[in-house]
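Only one chain is given next, in structure tokens, and it is the form predicted on its own.
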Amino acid sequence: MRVLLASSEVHPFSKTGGLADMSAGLAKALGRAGHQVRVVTPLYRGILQRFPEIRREDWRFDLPLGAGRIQAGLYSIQLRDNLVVSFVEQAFFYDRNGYYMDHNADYPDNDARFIFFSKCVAHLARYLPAAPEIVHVHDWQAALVPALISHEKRAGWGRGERPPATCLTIHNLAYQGMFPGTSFGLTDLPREYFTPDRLEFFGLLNCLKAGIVFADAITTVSPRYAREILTEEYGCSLDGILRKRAARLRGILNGADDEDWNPGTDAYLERHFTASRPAGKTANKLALQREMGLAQENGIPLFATISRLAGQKGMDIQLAALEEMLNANMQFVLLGAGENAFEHGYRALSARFPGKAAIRFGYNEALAHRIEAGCDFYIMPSRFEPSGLNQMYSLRYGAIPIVRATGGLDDSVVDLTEDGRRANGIKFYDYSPRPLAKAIRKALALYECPGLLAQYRRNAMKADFSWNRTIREYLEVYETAKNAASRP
């Protein structure tokens, strides 16, 4: 199958979170399975310098954007025989300090930047020599593509080939790409598209809604999240339109890249280890304690979190729970950045518990790998979590996840109360500090039972989150989308 995949982030070229990992992992898995894949993403500042093997293609965009026209180029890199990553080169739009914001403020022209990106994707879908059968777009930054392709189909595709089917993946419904109603003019779509049953949202342009309305198939990144977003609590005011399209909606749990995240081969680690050879985990724990300035004692349980510091991620209840639990015999490591209030809170926590809480602000890929390999327990107390990847990395690295039972966390972690034979983590349910503190106490008790802890780790490291499982489900969705697109 020929797949054109569009994402505003693709690891290792650009990344702020799980979107980059998922889009890259899916593309690589489809390529390994023999499908022809081209990924399209913006050419952000620094990419060419870090990856000089990327080359300019003989392709120019000259597309309308409201009252004007915008020109752009295309760069590409061949990652394997049937996997190409292409970059839309438009210096004014994408050669900036950040992908979406600078100094914690969104760029005021993000509407133009990503409407133009969506137009480039739709243009490639129509004019690439090897026409795609599926155009798979991710999140609001590319969600206008199904509407643009739908309009071009109605206007006459005109190439002789069947127009591609479209699939939208919603990674986080809370981010919708909403702009003033005047931004609709940048789409160059007829005014009939700016109505409540299409792109209009209480007078605003809603890019994610465009994808929900027009995509031939819609996916989210876990089965539970697919159910949650149909409710008023989690639907972010789009639950009504999602319920109308529920027949096209499917939740597919993300895969975890077993090339980048493999404790048996990971170049960042002090020592490699596997489920059958687990001894190396102790060496990684001692190395992490040394790196973070903590006492090097294997007998002290080490907890960790790698996260964006935001309310969605449960940082408020985690701070409150740690204020109580760090009085116990435990250590805690955090790597992350985000809201000033949370950064201040964790800085203060570290000052109150010197030698027990080690904090690093920012993001460091190598340190993230070493934290997963070195910690005993990984805390992920999200208010909501569409899929989550870090709990999967933790399982693979033998770090027992402590998670709130929501979204992909509930789908991927097994608690003792659910299946004693397969238990690999600890769940709590109510969103408040007390249940989280209770879950941490359960972890401390588990640590005092070496045999049971070893069983949890074996279960964790043997859990299957490979992309081979995941792409089978996506291929089913693609076939469903193609059948839907062929119907008038």
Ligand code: ADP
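Residue numbers run from 1 along the displayed sequence. Just so you know, these numbers come straight off a predicted model, no measurement behind them.
Absent from the display: the form predicted in complex with the ligand. The rest refers to it.
Trainee: Using a 4.5 Å heavy atom cut-off, which stretch among 384-392, 183-191, 120-128, 199-207 contacts the ligand in the predicted bound form?
Mentor: Contact-bearing stretch, as computed: 384-392.
Trainee: Applying a 4.5 Å heavy atom distance criterion, does residue 297 contact the ligand in the predicted bound form?
Mentor: No, residue 297 is distant from the partner.
Trainee: Does any part of residue 325 reach within 4.5 Å of the ligand in the predicted bound form? Heavy atoms only, please.
Mentor: Residue 325 lies outside the contact set for the ligand.
Trainee: How about residue 345: is it within 4.5 Å of the ligand in the predicted bound form, going by heavy atoms?
Mentor: No.
Trainee: Find out whether any non-hydrogen atom of residue 363 is located within 4.5 angstroms of the ligand in the predicted bound form, and reply yes or no.
Mentor: Residue 363: yes, in contact with the ligand in the predicted bound form.
Trainee: Quick check on this chain: which one of 245, 153, 308, 271 has a heavy atom within 4.5 Å of the ligand in the predicted bound form?
Mentor: For this set of options, the contacting one is 308.
Trainee: With the ligand left out of view, which of 320, 74, 337, 236 would have a heavy atom within 4.5 Å of it in the predicted bound form?
Mentor: Among 320, 74, 337, 236, a heavy atom within 4.5 Å of the ligand in the predicted bound form occurs only for 337.
Trainee: Sequence order please: the residues of 259-287 with a heavy atom within 4.5 Å of the ligand in the predicted bound form.
Mentor: The one in contact is 261.
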